[in-house]
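The form predicted alone is given below as one chain in structure tokens.
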């Protein structure tokens, strides 16, 4: 048995899996990873079940240390620098942290959330079938809150398996796709404004909802409706006219009109959008959304087959610095290396 000790951690870092399901009718929040593809890819790299619990990393830097034995991990999601004891870690690969060594994870350069999977998974007590953390509800395990310095995760000692990499398809570019409704009839011409405008995610956003910055979306009949069910990606428009996209820690019902819903296949991409970066929405049909869902499901199922040995070349930097890589090197201060030849030439 080993431990992964949190030395320093980005705000917004918590344990997340696929979420808890089957009880939203009782008001139980689903939670779970913002980017399910990145979650599944990280788990595939260390041989876990695809939707096992990982550490969902916030956008700032973090440091974790192995104690009591080596720990094998994999890092996916937001692009960011990382190293183990000074050795750079490539993205979408696994690496073994030796006992006493630290994995240093830098600030996200693109994207927001990273996923640190641990071989053997995170150990904790299931709460309604999941370890996923929702701090507002006090749910999750092993800590029902964001991770803090000094927290210790009980984990399996690393196996002797080769390090792995995973081949993922190129990231999808372009607008975030949505299906209009279910209350789009409450907006009339404002739908064209919604689809035709550039939006940015406000810094006042979290795992409950992403607040959007852009034009004011006006309602036809006021902003209060009879509360009904919500889903991840529901786009509510409150009275101020600035839409809010509901995220995994959302409430299970809401009373603001919903102009559209982000399709499931684009939720992870949307969730990785950094605050202040402009983007647009594009309306698609229900049939198109369902076709994209099936394609995403097939991609998730294919992930274990996309894993290969990493063939990582580890360089000993200290040994390299002390080696004479230039061949037979000489010093200009050693007169024997040039004066003898000069004397012979002078005699000619």
Partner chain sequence: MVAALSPPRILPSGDAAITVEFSRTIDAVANRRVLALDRLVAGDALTGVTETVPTYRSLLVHYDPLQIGFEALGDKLTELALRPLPEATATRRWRIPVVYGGENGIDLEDVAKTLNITPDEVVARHVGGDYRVAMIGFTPGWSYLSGLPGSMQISRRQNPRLLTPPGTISIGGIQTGVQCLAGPSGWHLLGRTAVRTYQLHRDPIFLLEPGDAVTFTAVNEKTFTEQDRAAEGGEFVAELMS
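Residue numbers count along the first chain shown, from 1. What you see is a predicted model, and the numbers here were worked out from it, not measured in a lab.
Keep in mind the form predicted in complex with its partner chain is missing from the figure; the text below concerns it.
K.L.:
Any chance residue 188 has a heavy atom within 4.5 Å of its partner chain in the model of the complex?
P.N.:
Because no heavy atom of residue 188 falls inside 4.5 Å of its partner chain in the model of the complex, the answer is no.
K.L.:
Classify residue 228 as contacting or not contacting its partner chain in the model of the complex by the rule of any non-hydrogen atom within 4.5 angstroms, answering yes or no.
P.N.:
Output for residue 228 is yes: heavy atoms within 4.5 Å of its partner chain.
K.L.:
Looking at the partner-bound form in the model of the complex, is residue 293 within 4.5 Å of its partner chain by any heavy atom?
P.N.:
The answer is yes: residue 293 has a heavy atom within 4.5 Å of its partner chain.
K.L.:
With the partner left out here, check for me: in the model of the complex, does some heavy atom of residue 28 sit within 4.5 Å of its partner chain?
P.N.:
Judged by the heavy-atom cut-off of 4.5 Å, residue 28 is in contact with its partner chain in the model of the complex.
K.L.:
Please determine, with the chain shown alone, which of 77-85, 99-107, 249-257, 160-168 has non-hydrogen atoms within 4.5 Å of its partner chain in the model of the complex.
P.N.:
Among the candidates, contact is made by 249-257.
K.L.:
Going by heavy atom distances of 4.5 angstroms or less, which of 141, 273, 183, 92 would be at the interface with its partner chain in the model of the complex?
P.N.:
Among 141, 273, 183, 92, a heavy atom within 4.5 Å of its partner chain in the model of the complex occurs only for 183.
K.L.:
Select from the listed residues 52, 289, 303, 70 the one whose heavy atoms reach within 4.5 Å of its partner chain in the model of the complex.
P.N.:
The option sitting close enough to the partner is 289.
K.L.:
What residues in 122-140 sit within 4.5 Å of its partner chain in the model of the complex, counting heavy atoms only?
P.N.:
Contacting residues: 125, 127, 128, 136, 137, 138, 139.
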